[in-house]
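This document starts with one chain, in the form predicted on its own, laid out as structure tokens.
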Amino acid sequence: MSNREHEIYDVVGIGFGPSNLSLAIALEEHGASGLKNEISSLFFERQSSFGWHRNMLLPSATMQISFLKDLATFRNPTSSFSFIAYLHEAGRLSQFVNNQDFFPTRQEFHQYLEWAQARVADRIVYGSDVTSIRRSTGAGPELSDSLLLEVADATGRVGRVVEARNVVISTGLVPSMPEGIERDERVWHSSEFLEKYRRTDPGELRRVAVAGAGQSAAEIARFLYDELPHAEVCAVIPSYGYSVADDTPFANQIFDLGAVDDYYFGTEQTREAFWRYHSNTNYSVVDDEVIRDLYRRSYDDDVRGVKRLEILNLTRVTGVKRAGAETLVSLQEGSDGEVRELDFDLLVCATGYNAMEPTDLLGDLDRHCLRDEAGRYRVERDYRIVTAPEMRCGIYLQGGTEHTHGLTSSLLSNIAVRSGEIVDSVVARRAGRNDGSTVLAEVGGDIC
């Protein structure tokens, strides 16, 4: 970690998953374009190396979006950072085309992400945790043109203070467990699945449960059924069965670029309709192929007179008790049904994630960030938090903007274009400051 006393960057990214990787690429291509106002940038990532949902890189698991929705193509179809460019360099382009599939495996897409991040590695500092952000008073005590970030190394020691004219926060989603249930060596969240599974003796797992109704839950149930031929797998589903993801062409328009504008500038009724009619494109749904795989396994069990895959419909996990080597899981059918306890060797909770919440990271800066009537951050169309007039620097969010930008805010579908819009915003705002003009923030007709 550098010990330089004072470093100033136009953009500092906090977190380095696919979203900020896409931003780093957009910044790289902006600098290579020969345009004026090249942007200096640096990204800090808590992990020691790049990784994106590593613990869900299950065999044969595929992406749920087209390979064309990569880190760059929708922003720049000629980008050398595209998935096609990666395949060409890897020598697999013709083989991929011959496969006649729009959806690469998750493993291959992760290899693509690693390939891309290696090309912008000079912008990334791994094993670094931004512990606080505060205002810089370089423009005077009443104004702040930049922010100061304190960065700790892997030991927790703060060894670096960086000044940023703009901060882009992309710290990712937070794993969500059923209420009152804590993770331990026999109770896992899907986000840690493969890591913990590899440290477990499969022979010890005779009866396992997977809670959840989404893609991860179904994939883990299928994986455990195939990997543990001696074990019973119990799928605990709050709905009556797995629901299929709607990936039909008209419904998929929800992920088109124009849909972000329709949502952002739409009425409350329009936004509510987006969620009511189209949340089944992504939330608590499963690909048709995975559902059919699981049903086929269940049917084959019936034919053979065994019961290795059990589906508990309309059932929720309400508690877990440890009794020696036993893990007693409390299950409730319906909202007021009888609670029963079953003994499992393992419970995997594929129960989703909570949205990114940057409040703690922002600390005292939070009081300068404006909120709506529901207490949520007001966010510009360019993904910048609306701030009080004394805050002239930019705080951008990659995630946590579902209330303003719609369903795609935490998804891969729009990251290439979103990153380009953030770069354009940074460039425009800097040009505005340099020529002496005033940059105003406008949301919902209010000038802030």
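Quick note: we count residues from 1 along the sequence shown, nothing fancier. Keep in mind that this is a model prediction, so the values were computed, not measured.
Not on display, but discussed next: the form predicted in complex with a small molecule.
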Counting non-hydrogen atoms within 4.5 angstroms of the small molecule in the model of the complex, say which of Leu42, Leu411, Met391, Ile39 makes the cut. Leu411
Since exactly one of Tyr264, Phe102, Tyr277, Tyr353 fits, which has a heavy atom within 4.5 Å of the small molecule in the model of the complex? Tyr353
Residues in which of 164 to 172, 295 to 303, 201 to 209, 369 to 377 have heavy atoms within 4.5 Å of the small molecule in the model of the complex? 164 to 172
For a quick test of understanding: in the model of the complex, does each of Ser19, Gly51 and Gln64 have a heavy atom within 4.5 Å of the small molecule? yes
Closest heavy atom of Gln398 to the small molecule in the model of the complex, within 4.5 Å or not? yes
Find out whether any non-hydrogen atom of Val120 is located within 4.5 angstroms of the small molecule in the model of the complex, and reply yes or no. no
Under a 4.5 Å heavy atom criterion, is Val130 part of the interface with the small molecule in the model of the complex? yes
According to a 4.5 angstroms non-hydrogen atom cut-off, is Val12 in contact with the small molecule in the model of the complex? no
